[in-house]
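The chain below stands alone and is given in structure tokens; this is the form predicted on its own.
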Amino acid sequence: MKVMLLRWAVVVLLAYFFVPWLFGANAYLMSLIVASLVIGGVALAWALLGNLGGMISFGHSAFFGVGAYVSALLAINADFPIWLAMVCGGIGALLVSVLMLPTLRLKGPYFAIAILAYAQIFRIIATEWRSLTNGVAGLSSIPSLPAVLWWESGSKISSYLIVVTLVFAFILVYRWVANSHYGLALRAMHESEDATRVVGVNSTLLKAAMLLLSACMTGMIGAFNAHYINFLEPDYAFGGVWIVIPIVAAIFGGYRTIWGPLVGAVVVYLVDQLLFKNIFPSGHQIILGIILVVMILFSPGGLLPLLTVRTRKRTC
């Protein structure tokens, strides 16, 4: 317990003090860090559904886009405070995921494709419902994120502190679910869903809860991103980038661990933008694909489990 608290103290110290102090003056680098944390938030939500819920989704961009639009529209048209609008964005994504509950009858690739279809449906709705979303012209002048401490509203450091707090909250929720009796039941379902039903576990209800929770988390990250960039249009909000890169990040970091998706997102995105993009401006993401394949072949569990094993070997 003491070791765990010490680790959390170190992580919090690094995140809230060391990063702003070291990189705060570099607006470009801070913007990349914020973007990597946005991807990390989506990766965590995706991994929660995949790891605990046992369902692989290709449609989290639906939750991301709905959360972004709900928050932006409430802030613009109803003058909602940003914090409340972001919470409503998460709730909006949760309510949308209720429409997807019938897909829980599907398994494997069929579930993944069905969720992907929903993402395309919501993208088309956002494009065609011009009276509400302004269609392909998009929403501009979305209110900026509130000020944090002495940093002004919309500043990179202020935005960073908000998103890192949001991601840490996701990790705590993920950890609580994983360590609860619900997490135990979910892990048992992976071994034999029929056997867990025999002992009285409602597998459908647990899967539905994971889908709702994952959608809410993704919607809140989407809401944050809308207020961070101050602009929104359907192809961006519901774009495939909000599911492809988080999946790559989660698998690379280790989607069966709690910290793996976040570590994977930060490493994958920053290395891609700072290194590979400068070397290969037009085809830099191909390198990410190659690295992911190598990682899957030599360490299927991901980067974080690999580092943990090596650390233990050195300690022994």
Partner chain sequence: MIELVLQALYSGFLQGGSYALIAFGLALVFGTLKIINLAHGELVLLSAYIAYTVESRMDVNPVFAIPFALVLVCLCSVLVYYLLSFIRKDRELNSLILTYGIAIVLTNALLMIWSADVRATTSPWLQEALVFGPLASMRSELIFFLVSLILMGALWWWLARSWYGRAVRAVASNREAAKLMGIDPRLTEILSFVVAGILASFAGVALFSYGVIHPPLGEALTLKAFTITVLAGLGSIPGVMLGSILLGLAEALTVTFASSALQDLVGMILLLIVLFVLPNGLFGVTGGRG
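The shown structure was predicted, so the numbers you read here are calculated from the model rather than taken from an experiment. Positions refer to the first chain, counted from 1.
Keep in mind the form predicted together with its partner chain is missing from the figure; the text below concerns it.
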Heavy atom contact within 4.5 Å of its partner chain in the model of the complex, the stretch among 240-248, 87-95, 216-224, 169-177: 240-248
Answer for Tyr110 alone: is it within 4.5 Å of its partner chain in the model of the complex, judged on heavy atom distances? yes
Does any heavy atom of Ser282 come within 4.5 Å of a heavy atom of its partner chain in the model of the complex? yes
Within a 4.5 Å heavy atom cut-off, is Leu184 in contact with its partner chain in the model of the complex? no
Classify Thr103 as contacting or not contacting its partner chain in the model of the complex by the rule of any non-hydrogen atom within 4.5 angstroms, answering yes or no. yes
The one residue among Ser140, Gln120, Thr204, Thr165 placing a heavy atom within 4.5 Å of its partner chain in the model of the complex is Gln120
State the residue from Ile157, Leu145, Met189, Ala114 whose non-hydrogen atoms include one within 4.5 Å of its partner chain in the model of the complex. Ala114
Residues of stretch 252-275 in contact with its partner chain in the model of the complex (4.5 Å, non-hydrogen atom): Arg256
